[in-house]
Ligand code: NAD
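Next up is one chain by itself, shown in structure tokens, the form predicted on its own.
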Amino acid sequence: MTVRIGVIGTGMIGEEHSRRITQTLTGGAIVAVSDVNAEQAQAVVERLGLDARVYASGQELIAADDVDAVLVTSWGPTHEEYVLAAIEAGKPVFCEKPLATTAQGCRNIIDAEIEAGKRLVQVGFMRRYDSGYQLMKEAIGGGRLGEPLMIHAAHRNPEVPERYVTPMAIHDTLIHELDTFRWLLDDDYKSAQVLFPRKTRHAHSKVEDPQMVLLETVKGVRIDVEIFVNCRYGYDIQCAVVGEEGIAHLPEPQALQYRQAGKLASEILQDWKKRFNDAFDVELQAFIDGAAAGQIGGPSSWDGYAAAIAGDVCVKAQESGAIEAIEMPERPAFYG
């Protein structure tokens, strides 16, 4: 069975996902696209050689009889509307983060999915599919490290544009860590605090950079995350889990090592897409396979909701400088 997929949002990530589904993965075909910029959508169809119809709106695409499943890769504030429409249509939907721009929006999606009686939503938290993080998950779950005590992490970008403002360090950057640590530890958050060290001269006036986010989980694990989005030297993701019996470090991306001009060196990635390229492949293949089997797995609407709640509190902590409580509702059995 070939899963006929409609893509809403043909910007950078939408085109990348369309490319991998068409050229790399199996079992799926892009048959429909939509974007607020119709010319851009048509250009993507032509660049990728797609046999796909360009729809005037995401709603029309979702309603199309020849669309079996939906990818939502549009602007964040539109996600809730399209995911709800896909649920109402009974169609599996892959939604890039954020699931919605507010915790209430995520809750609306959860309520709709529960009412539909079937999991239809997979959220684009691709780090769960990264081989390095998978190894860390196995080490923690297998008890090799003993009980986890601390996590030290960093999320560094070479630079960000003028439109990137201070809260985006949480909603656009830390959001991945907020999901990943819950998944690694099988735990929820209890509190958050955000500290601002000395500001780098490379940061523009609308963003405080770097930032330090301090999290505490319900089980008492302490987490510190450095967010440094103008680090200049490259795209660098670091994570170390400290346990009672040992420490696990996230493996470095594979890179060619050079002995040249009196130096031993290896290159550092500059592009986040290349860092998690394989993980994107695995997560989207899982979605296609799940849609074909009628059983969607992976990061759920509840995971999107939990990350949104924690993210909102982290933004509050940016503003207050205080330790702010994170209160998670009880998880419905539907997502057990």
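Remember, predicted model here, so these are calculated numbers, not experimental data. When you see a residue number, it is the position in the sequence shown, counting from 1.
This protein has a second form, the form predicted in complex with the named molecule, left out of what is shown; the following refers to that one.
In plain terms, the part of the chain that comes close to the named molecule in the predicted bound form, with a heavy atom within 4.5 Å, is 32 to 40 out of 284 to 292, 32 to 40, 62 to 70, 302 to 310. Just one of 97, 128, 182, 91 comes within 4.5 Å of the named molecule in the predicted bound form, counting any heavy atom, and that one is 97. Only one of the listed residues (166, 102, 108, 78) places a non-hydrogen atom within 4.5 angstroms of the named molecule in the predicted bound form, and that residue is 78. By the criterion of a heavy atom within 4.5 Å, residue 328 is excluded from the residues contacting the named molecule in the predicted bound form. Using a 4.5 Å cutoff between non-hydrogen atoms, residue 148 does not count as a contact of the named molecule in the predicted bound form. Within 4.5 Å of some heavy atom of the named molecule in the predicted bound form lies at least one heavy atom of residue 82. Although the partner is absent here, residue 322 is not a contact residue: none of its heavy atoms lies within 4.5 angstroms of the named molecule in the predicted bound form.
Using a 4.5 Å cut-off on any heavy atom, the residues of 1 to 33 that reach the named molecule in the predicted bound form are, in sequence order, 8, 9, 10, 11, 12, 13, 14.
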